[in-house]
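Encoded as structure tokens, the following chain is the form predicted on its own, with no partner shown.
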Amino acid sequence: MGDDDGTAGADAPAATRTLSPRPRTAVLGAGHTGPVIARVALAAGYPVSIAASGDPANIALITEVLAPGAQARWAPDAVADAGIVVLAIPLHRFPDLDPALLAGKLVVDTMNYWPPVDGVQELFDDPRHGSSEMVQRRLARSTVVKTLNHIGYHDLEDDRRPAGAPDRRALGVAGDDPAAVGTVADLIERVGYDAVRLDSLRAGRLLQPGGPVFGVPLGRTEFTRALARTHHTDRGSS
């Protein structure tokens, strides 16, 4: 596995992007997933803002109760001073998001394409490309990293473990920019998971619904093997 096959690379370079060790994180979305991500990021020492599509006063109580310590802000304000922006919105709302809002930002895509839930979305209904590849195509001036889509929001808090714990779960982190992947992998590690780096958004299709690790609690070794096994099976049948 490596740069030429697009699969997981546990020894990928560490992040070199000029960010603080724990950059401010803006979570866009205050539904089921957003507050949980905000909560675990706060527990890992990251300053967090959370925003929805409207007035932050509308989510102030939700934020206070579900993510105490996070700041409810207007989306442009939350994004402006963030080093990491997490998209935790329903995928069918993504086409309404102004790409200019996220220009120049490191964007974490936690969304999944679920036609039975979201209906057929023309933007994502192309089997040649993964959903995060399409997100990157639309957010052409941003750097997109895919992660947190393959663990349920209800498990994200409960399944955290300290580094070195024998039952520590692995999560994949996929992207085309090694520095951005490294920054997000650091976040995943600090939250309480072993980060397995995939060296392209194309490889991130393995993290999608129907993929070998989607919704499956696996340690680093088993996680990496599952990705490699599926990747090589796909190559053999192509």
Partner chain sequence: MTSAPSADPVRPAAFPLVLGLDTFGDVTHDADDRPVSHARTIRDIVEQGVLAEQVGVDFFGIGEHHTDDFPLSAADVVLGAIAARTSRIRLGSAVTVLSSDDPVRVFQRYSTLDAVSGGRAEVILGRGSSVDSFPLFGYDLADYEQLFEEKAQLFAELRKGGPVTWKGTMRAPLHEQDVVPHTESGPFPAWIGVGGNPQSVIRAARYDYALMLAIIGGSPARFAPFSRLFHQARTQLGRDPLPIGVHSPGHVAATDEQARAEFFPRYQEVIRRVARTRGFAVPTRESFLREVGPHGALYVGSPETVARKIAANLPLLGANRFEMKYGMGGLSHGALMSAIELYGTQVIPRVRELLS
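Numbering follows the first chain given and starts at 1. Because the structure is a prediction, the values reported are computed rather than measured.
Omitted here: the form predicted together with its partner chain. The next part is about that form.
Check: Pick from 74-82, 136-144, 150-158, 97-105: which stretch has non-hydrogen atoms within 4.5 Å of its partner chain in the model of the complex?
Finding: Going by heavy atoms within 4.5 Å, the stretch is 150-158.
Notebook entry, point to check: 44, 188 and 225: each with a heavy atom within 4.5 Å of its partner chain in the model of the complex?
Noted result: Verified in the model of the complex; spot residues all out of contact, no.
Check: Going by a heavy atom distance of 4.5 Å, is residue 129 a contact of its partner chain in the model of the complex?
Finding: The answer is no: residue 129 has no heavy atom within 4.5 Å of its partner chain.
Checklist line | Exercise: residue 116 in contact with its partner chain in the model of the complex, heavy atom 4.5 Å | finding: Flag for residue 116 set to yes.
Check: Would residue 32 sit within 4.5 Å of its partner chain in the model of the complex, counting heavy atoms only?
Finding: Contact with its partner chain, yes.
Note to self: Is residue 21 near its partner chain? Define near as a heavy atom within 4.5 Å, in the model of the complex.
What the structure shows: Output for residue 21 is no: heavy atoms all beyond 4.5 Å of its partner chain.
Next item on the list: Check each residue of 65-81 against its partner chain in the model of the complex and list those with a heavy atom within 4.5 Å, in sequence order.
Entry: Residues within 4.5 Å: 65, 66.
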